[in-house]
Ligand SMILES: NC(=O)c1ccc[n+]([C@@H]2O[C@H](COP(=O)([O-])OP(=O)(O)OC[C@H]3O[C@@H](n4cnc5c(N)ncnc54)[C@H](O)[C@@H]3O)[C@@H](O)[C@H]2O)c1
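The chain that follows stands alone, in the form predicted alone, written as structure tokens.
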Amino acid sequence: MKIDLSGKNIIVTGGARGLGRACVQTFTESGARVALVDIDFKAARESAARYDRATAYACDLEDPDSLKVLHQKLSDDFDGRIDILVNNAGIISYAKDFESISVREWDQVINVNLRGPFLASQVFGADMKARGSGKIINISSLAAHIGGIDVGVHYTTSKAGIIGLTRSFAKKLGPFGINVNAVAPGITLTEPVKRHLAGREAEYIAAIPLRRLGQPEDVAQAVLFLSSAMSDYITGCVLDVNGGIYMN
């Protein structure tokens, strides 16, 4: 069954690469109009050029003023209507002794991975609330459930926070017809993960019941489902996409 999102306006943060770009491709193939948002505007433009109905926008989620500028631009360009917000932008940081994580590094990971989705949901969720409809999908992680495999404590903490954020917004926005859910990917072959796992793939595959590593498209399909009318009675959910390495 093909999901048709024709006429929908969608924001994907961190859309220039990896999971975000897979989501942009999946949405545009489903007929949606997508705002591809990324801190790297050059990469955003290059990615958006690949897809019909995708437009690049710059935003630094560490900077609340940058988000305000984005909100104004999208209000103008999308006639004030954003139907779906995908909070995907994030920083992956691999394990190190927790004693060696600096305050600056901690703050950067938390600000981008957790505060950014909060602020974006606050801003665009208010618009959805006023209109009485919308969907927000947050990207968490397997690390939030199990305390991480190779990732740092600051990354794990940020992604666990995303689950709490998702459930809190689901309760607050549900009465206004807005669904808020999360997707928690397992080990997924984005470029940073490929570099980190190089030469050790078989070790990780052996621990996954489906005996393969995840692809960005696996996550994008889950996001597509949560963006569609097929998920209209689902909210506050964390959809695990991990090949069975963690079963909740």
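Keep in mind the model is a prediction, meaning the values are calculated, not measured. Note that residue numbering begins at 1 and tracks the sequence as displayed.
Quick note: we don't show the form predicted together with the ligand, though the next part is all about it.
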{"query": "Non-hydrogen atom contact P64 with the ligand in the predicted complex at 4.5 angstroms", "finding": "no"}
{"query": "Interface membership of L224, the ligand in the predicted complex, 4.5 Å heavy atom rule", "finding": "no"}
{"query": "Partner proximity in the predicted complex: T166 to the ligand, non-hydrogen atom cutoff 4.5 Å", "finding": "no"}
{"query": "Distance check, D40 to the ligand in the predicted complex, heavy atom within 4.5 Å", "finding": "yes"}
{"query": "Candidate stretches 48-56, 201-209, 27-35, 185-193 - the one whose heavy atoms come within 4.5 Å of the ligand in the predicted complex", "finding": "185-193"}
{"query": "Among the candidates A160, L173, I149, V112, the residue which, in the predicted complex, approaches the ligand to within 4.5 Å (heavy atoms)", "finding": "V112"}
{"query": "The ligand in the predicted complex: contacted by all of I137, I178 and G236, heavy atom 4.5 Å", "finding": "no"}
{"query": "Members of 65-84 lying within 4.5 angstroms of the ligand, judged by heavy atom, in the predicted complex", "finding": "none"}
